[in-house]
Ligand SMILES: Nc1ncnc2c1ncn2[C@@H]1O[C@H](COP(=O)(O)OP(=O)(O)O)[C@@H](O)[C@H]1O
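What follows is one chain in structure tokens, specifically the form predicted on its own.
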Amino acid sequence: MLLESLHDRKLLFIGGKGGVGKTTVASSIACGLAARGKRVLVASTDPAHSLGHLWRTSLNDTARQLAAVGNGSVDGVELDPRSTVERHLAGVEATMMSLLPERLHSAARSHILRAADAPGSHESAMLERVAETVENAQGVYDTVLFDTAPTGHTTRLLSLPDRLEGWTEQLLRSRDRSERYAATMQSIVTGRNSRNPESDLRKTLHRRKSRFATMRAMITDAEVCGFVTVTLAERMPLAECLDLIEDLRGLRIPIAGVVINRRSPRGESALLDARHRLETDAIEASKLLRTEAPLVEIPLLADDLTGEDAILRVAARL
């Protein structure tokens, strides 16, 4: 069973093509784990958040309980990259204002405002928020489960820890050189060495580097992390699912399961039987069955799949 293979993982990502039911599957897995006594946090990284809508409640950037299931629980949070960007840039601005003469403050603020909308700023901010969420969950939750954005956004996000760790290391080296130069000049002029290697900026860079290194180690550890792909039994979603699996293998992220959602049932009508045969042909042609990870099919359901009761019904299918 899928839930058995996920039971001991501390970090899960649920992803796939847009519109295949990732949020429903993510919440259902969370409920299934909670029924086994786990404290689970479901965090949405999709800018078009639907987690709150699925649970018929309002969510924001602060976690709150969605359900108590058996001896476990499910909390939810919709991560907001803009607030992370704003918080980070506010810290940068405070540091810059303390270092720069007043005549340069206006130009520095203009630069910071432009940086807020720079390419990649939201993705790097989201990764930092993901890493921060995992860090803060230690001792509070047994499993952190991320309901991710559509495929392309997710693979870019998960490829960032390596790049951002290296980039931060370069910043630290650059900062170290500038501090040595400033200390040397200060010593020449005043005879005193006032270098402060643990400046606020340096502390921030070290913290980010450590956070990205920890994140990279976690997402490539098969005992800790797993990625569950969600697809439909149609040619395009299946093709995208296989591409995602290959991308994840390239990033050394373990595949923990595959969910084929909204599978047409058999024996209900001639139309659904014909549809089921087409789906079976598409699955076999895609070679998805060769994937070693557990594969689960969730049937097409007539229910309105929102609210705790509906999510629990889907969880029972896992």
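The structure displayed is predicted, hence computed values, not measured ones. The first residue of the sequence shown is number 1, and the count goes up from there.
Just so it is clear, the following notes concern the form predicted together with this ligand, a form of the same protein that is not shown.
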{"item": "This ligand in the predicted complex reached by all of Thr24, Ser50 and Asn261, non-hydrogen atom within 4.5 Å", "value": "yes"}
{"item": "Interface membership of Leu305, this ligand in the predicted complex, 4.5 Å heavy atom rule", "value": "yes"}
{"item": "Residue contact check: Ile298 to this ligand in the predicted complex, 4.5 Å heavy atom", "value": "yes"}
{"item": "Lys17 within 4.5 Å of this ligand in the predicted complex, heavy atoms", "value": "yes"}
